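Take a look at this single chain in structure tokens; it is the form predicted on its own.
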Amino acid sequence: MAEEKKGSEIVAEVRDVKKTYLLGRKDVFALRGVSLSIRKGEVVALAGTSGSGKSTLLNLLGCLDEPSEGMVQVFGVATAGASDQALSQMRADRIGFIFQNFNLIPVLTALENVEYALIDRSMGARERTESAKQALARVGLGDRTDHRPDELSGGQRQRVAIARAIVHKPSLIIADEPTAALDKQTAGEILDLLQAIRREMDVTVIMASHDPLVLSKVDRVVHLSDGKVQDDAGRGAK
């Protein structure tokens, strides 16, 4: 049971994290002393209105940015002290990314889009193709491998994006507003798929969202406001 595995390994941790950006001559605070830990197997939503800091925190947890102050550790590695090469390798090996607008390459088929995530890996073309086919079958698109993004519905495009995120068998999935471009029914199906993948792959999922449907289906909701954690509550989703 996934629930029984939670509570042991800390996948990501932030302590007293501040993040500022220079806007003109003025420092703008995106995060103001945020602390939290995320454990293996959790599905966590970072919630809040636009400007609350959730996307900034998601980028820090995904090793796409570094804090201005404080500590961010992902898989036990302090990101502020790691080289660009080490962080790039961590993203490539252990983190899968899902985006609001899918970020698929329009001229490539579904299969080619998923294969593209493996292009820099030391595997042959046949192995890449087989891995991509398996990932697409896992998300229910085994019969859509030759379709390009404009031949797929929004939900199917997001499924391709999920297949691309899991094809290298990551330990952590980072999802930025994964249901924002979808209708309610399709969004629910995508969230159920992510929960199923979490259970099967024993992967941790962190997503930024203000969608009430998302917040009702995750294990834990971290509410952010004005760059601070306002509430951190479990929801008991399975």
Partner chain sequence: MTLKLALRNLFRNSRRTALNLMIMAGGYSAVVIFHGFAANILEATRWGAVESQYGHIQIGNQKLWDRDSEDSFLERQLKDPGELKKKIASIEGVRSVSQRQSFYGLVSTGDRSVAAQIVGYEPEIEKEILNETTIIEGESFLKHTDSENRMIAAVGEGLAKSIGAKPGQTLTLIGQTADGGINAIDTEVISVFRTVIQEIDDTTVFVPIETAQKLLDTTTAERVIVKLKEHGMVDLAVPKVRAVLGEGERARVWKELARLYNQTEAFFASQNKVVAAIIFSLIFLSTMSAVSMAVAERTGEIGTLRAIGRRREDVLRLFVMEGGILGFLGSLVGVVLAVIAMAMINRASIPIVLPGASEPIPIKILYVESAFFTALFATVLAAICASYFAARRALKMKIVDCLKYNI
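Numbering follows the first chain given and starts at 1. The model shown is predicted, which means the values in this text are computed figures rather than measured ones.
We do not show the form predicted together with the partner chain, though everything after this point is about it.
Enquirer: Decide if the three candidate residues Leu136, Leu182 and Thr186 all line the partner chain in the predicted complex, where lining means a heavy atom within 4.5 Å.
Expert: The answer is no; none of Leu136, Leu182 and Thr186 reaches the partner chain.
Enquirer: Does the 4.5 Å heavy atom contact test between Thr109 and the partner chain in the predicted complex come out positive?
Expert: Answer yes; at least one heavy atom of Thr109 falls within 4.5 Å of the partner chain in the predicted complex.
Enquirer: Even though the partner chain is not shown here, does Ser171 get within 4.5 Å of it in the predicted complex, heavy atoms only?
Expert: Outside the cut-off, so no.
Enquirer: Does the 4.5 Å heavy atom contact test between Leu213 and the partner chain in the predicted complex come out positive?
Expert: Result no; Leu213 lies far from the partner chain in the predicted complex.
Enquirer: Would Asn103 sit within 4.5 Å of the partner chain in the predicted complex, counting heavy atoms only?
Expert: It does: once the partner chain is placed as it appears in the predicted complex, Asn103 has a heavy atom within 4.5 Å of it.
Enquirer: Pick out the residues of 56-75 whose heavy atoms come within 4.5 Å of the partner chain in the predicted complex.
Expert: Contacting residues: Asn59, Leu64, Asp65.
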